[in-house]
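First comes one chain, alone, set out as structure tokens in the form predicted on its own.
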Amino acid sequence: MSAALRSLPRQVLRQALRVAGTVLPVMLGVVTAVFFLLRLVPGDPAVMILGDRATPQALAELRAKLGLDAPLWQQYTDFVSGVLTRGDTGDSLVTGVPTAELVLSRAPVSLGIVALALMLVLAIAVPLALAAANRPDGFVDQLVRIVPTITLGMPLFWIGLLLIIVFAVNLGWFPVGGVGAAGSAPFEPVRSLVLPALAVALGMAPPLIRSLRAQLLEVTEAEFVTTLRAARIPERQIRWRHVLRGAALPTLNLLSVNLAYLIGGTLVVEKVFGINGLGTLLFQSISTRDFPVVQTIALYCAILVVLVTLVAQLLSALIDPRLRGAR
């Protein structure tokens, strides 16, 4: 075993620790921003719960019970200290259920859409970028450069509505909305998530196609590729083993950067497709001023972004040996 391979676990661990060191500041920044921005939103949670006809005394008693009468700085420090010391994100102001329990009960559906959208965006972007880079300025290249741009300018909810009309209403290939019951058919729940995931993937694919196409063309003209061709290495082997690998790194970084768009898009399309996931819970919580639930969703999304960024960093280190020794 070479020295480079023997040192790989240590180098990967160093990458993991470096990214993990950013977890706490990122989560603290997200929680702080969300906490204070929510307090700028007009509306009193006590009025939202009891209604406009509630007496001032009843409103005051509810605010005291929920801790909303405390100074803002005290509410903030109580929330942050609860998260850091006990992992407690508080209870919902509306239902009284622990927010972590509420969020985790909705998370599987949303994570299913995120995972499926990630697979679909790769299934769309990689073949199209390869086809475009194979003959630059050819018919396929022109088509690939124009058509995805159309979806780039479309709002996600509009893409979702188009998909519903074409594939659910007219063709009947997928359900119009909601998530099928787990016992109805073996793949019915997954089938219900295809159109929402496709809507997110179509909105995310254009920049990835452009990035990967540009990187493929750049790597194809690199000196080491010319050397491989001079050594009579098969063109297919050069393309798949060396060119695609060299072009994958910037695209992987772009994919990790766009993860926030992926998660945000998932929360939006859930509403369009009537899916009872985190997006629906988020909109409901914002409309009822259920601050702890919104804060918890933001915190968990930040954790997810950091974790996926960590995975992207590790994959980058595995793809490019130069990054393993970077400090």
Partner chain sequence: MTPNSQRALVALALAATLGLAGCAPAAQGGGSEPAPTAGGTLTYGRLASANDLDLHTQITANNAFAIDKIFESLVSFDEHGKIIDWLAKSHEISADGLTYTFTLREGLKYSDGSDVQASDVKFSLERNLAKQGPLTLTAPISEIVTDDAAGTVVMTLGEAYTPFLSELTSFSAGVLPTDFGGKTEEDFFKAPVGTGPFAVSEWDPAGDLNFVKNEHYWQDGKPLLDGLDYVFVADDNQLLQRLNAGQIDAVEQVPAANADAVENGEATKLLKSDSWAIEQVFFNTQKPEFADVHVRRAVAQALDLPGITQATTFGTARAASSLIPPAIEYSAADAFDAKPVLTHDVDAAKQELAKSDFADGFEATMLIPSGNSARAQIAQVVQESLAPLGIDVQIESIDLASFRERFKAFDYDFMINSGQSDAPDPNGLVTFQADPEGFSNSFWTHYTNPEVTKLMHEGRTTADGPEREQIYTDIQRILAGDVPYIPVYYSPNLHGTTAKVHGLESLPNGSVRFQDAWVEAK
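Worth saying up front: this structure is predicted, and the values here are computed from it rather than measured. Residue numbers count along the first chain shown, from 1.
The form predicted in complex with its partner chain exists for this protein as well; it is not shown, and the discussion that follows is about that form.
- By the 4.5 Å heavy atom rule, the three marked residues 24, 142 and 253 all fail to count as contacting its partner chain in the predicted bound form.
- A heavy atom within 4.5 Å of its partner chain in the predicted bound form is found for one listed residue only; from 222, 257, 161, 147, this is 161.
- With the partner removed from view, the residue among 126, 100, 238, 94 that has a non-hydrogen atom within 4.5 Å of its partner chain in the predicted bound form turns out to be 94.
- Look at 66-74, 298-306, 264-272, 27-35: in the predicted bound form, residues with non-hydrogen atoms within 4.5 angstroms of its partner chain sit in 264-272.
- In the predicted bound form, at least one heavy atom of residue 175 sits within 4.5 Å of its partner chain.
- At the 4.5 Å threshold, heavy atoms of residue 170 reach its partner chain in the predicted bound form.
- Heavy atoms of residue 154 never reach within 4.5 Å of its partner chain in the predicted bound form, leaving it off the interface.
- Its partner chain is not drawn, but in the predicted bound form it has a heavy atom within 4.5 Å of residue 106.
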